[in-house]
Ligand SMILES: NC(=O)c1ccc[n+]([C@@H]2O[C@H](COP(=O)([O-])OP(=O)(O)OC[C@H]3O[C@@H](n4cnc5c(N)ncnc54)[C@H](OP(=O)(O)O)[C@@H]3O)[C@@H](O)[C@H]2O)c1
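Let's start with one chain on its own, the form predicted alone, as structure tokens.
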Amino acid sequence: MRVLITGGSGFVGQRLCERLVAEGHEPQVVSRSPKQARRHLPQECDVRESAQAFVDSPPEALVNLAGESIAAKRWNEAQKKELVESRLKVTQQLVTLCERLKENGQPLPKAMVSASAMGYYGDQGDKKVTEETPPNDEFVHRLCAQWEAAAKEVEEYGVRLAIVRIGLVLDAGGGTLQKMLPPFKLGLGGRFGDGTQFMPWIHRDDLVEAILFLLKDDSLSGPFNASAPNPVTNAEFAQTLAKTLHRPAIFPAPAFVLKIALGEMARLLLTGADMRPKRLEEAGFTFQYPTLDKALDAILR
């Protein structure tokens, strides 16, 4: 089938395109820089500048992964506005594509998998978090809630919608580990603050398989926690990463230092949620990397 992907040239999108091609599907990728994106994607990918550019080749499914990196810059009001608007703008493009296809009498996509994030729940302390857990109202929750609400508009066109609330994505060459590995390899790593905050995580390959799983099963809709079934605290993450690298983890980053350096954005490092993939597991999805040590072993060794 033809699968249109926003954010298809990103860390997760690239792997998703590779898997789609391997299964005989046709990835259609939206990129602001098509020429540059083609360098990182399989040659079978059809790359265009906007979702509307695919109106002559209607996609049978949509995957919405695009959005400004939440940790790319220190948060101020302008940056927070950009974080929200970058997600809403791309999501609205997909809704508009569905609207145009309907107006033209063309076939509409059957399903859309749209990204959200673990930030939807806000700070949850140490209680177990499932898709039914009420969120803590803070900026990252409001960002994710608006993102999810924008995606729900495709349901008006009969498109089945599954939302993936994604944990920290782990793999070589990008994601969470890209910034964490250098100090840990030098033996300079450690916990953030007191280290008791939870870090829901997922191996990139498991995330891609979860997206494919949700695309293919017509019975699945609504929110799904896309994180491994065994989340860990920040201190446990630091110790496991250091152990895998055969390095110590004895240099904690004090909370007050992170708050001075990062301002409000320090909450990304100092708070978390013990997020569990309840609905994915109930639907029969199996994680290839259910534990952190197994995931890091595969990535680093």
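Being a predicted model, the structure only gives us computed values, none of them experimental. Just count from 1 along the sequence shown to find any residue number.
FYI, the form predicted together with the ligand isn't displayed, but the following is about it.
Partner proximity in the predicted complex, defined as non-hydrogen atoms within 4.5 angstroms of the ligand, places exactly one of 165-173, 152-160, 97-105, 186-194 at the interface: 165-173.
Out of the listed residues Val140, Val90, Val208, Met199, Val90 is the one that sits within 4.5 Å of the ligand in the predicted complex by at least one heavy atom.
Checking Ala61, Leu241, Leu65, Cys45 against the ligand in the predicted complex, a heavy atom within 4.5 Å turns up for just one residue: Leu65.
For the three residues Ser69, Glu82 and Ser86, a heavy atom within 4.5 Å of the ligand turns up in the predicted complex in every case.
Mapping the unseen interface onto this chain, Leu215 falls outside it, with no heavy atom inside 4.5 Å of the ligand in the predicted complex. Contact between Trp147 and the ligand in the predicted complex is found at the 4.5 Å heavy atom cutoff.
Among residues of the shown chain, Ser31 is one whose heavy atoms approach the ligand to within 4.5 Å in the predicted complex. The shortest heavy atom separation between Gly13 and the ligand in the predicted complex is within 4.5 Å. Using a 4.5 Å cut-off on any heavy atom, the residues of 104-137 that reach the ligand in the predicted complex are, in sequence order, Ala115, Ser116, Ala117.
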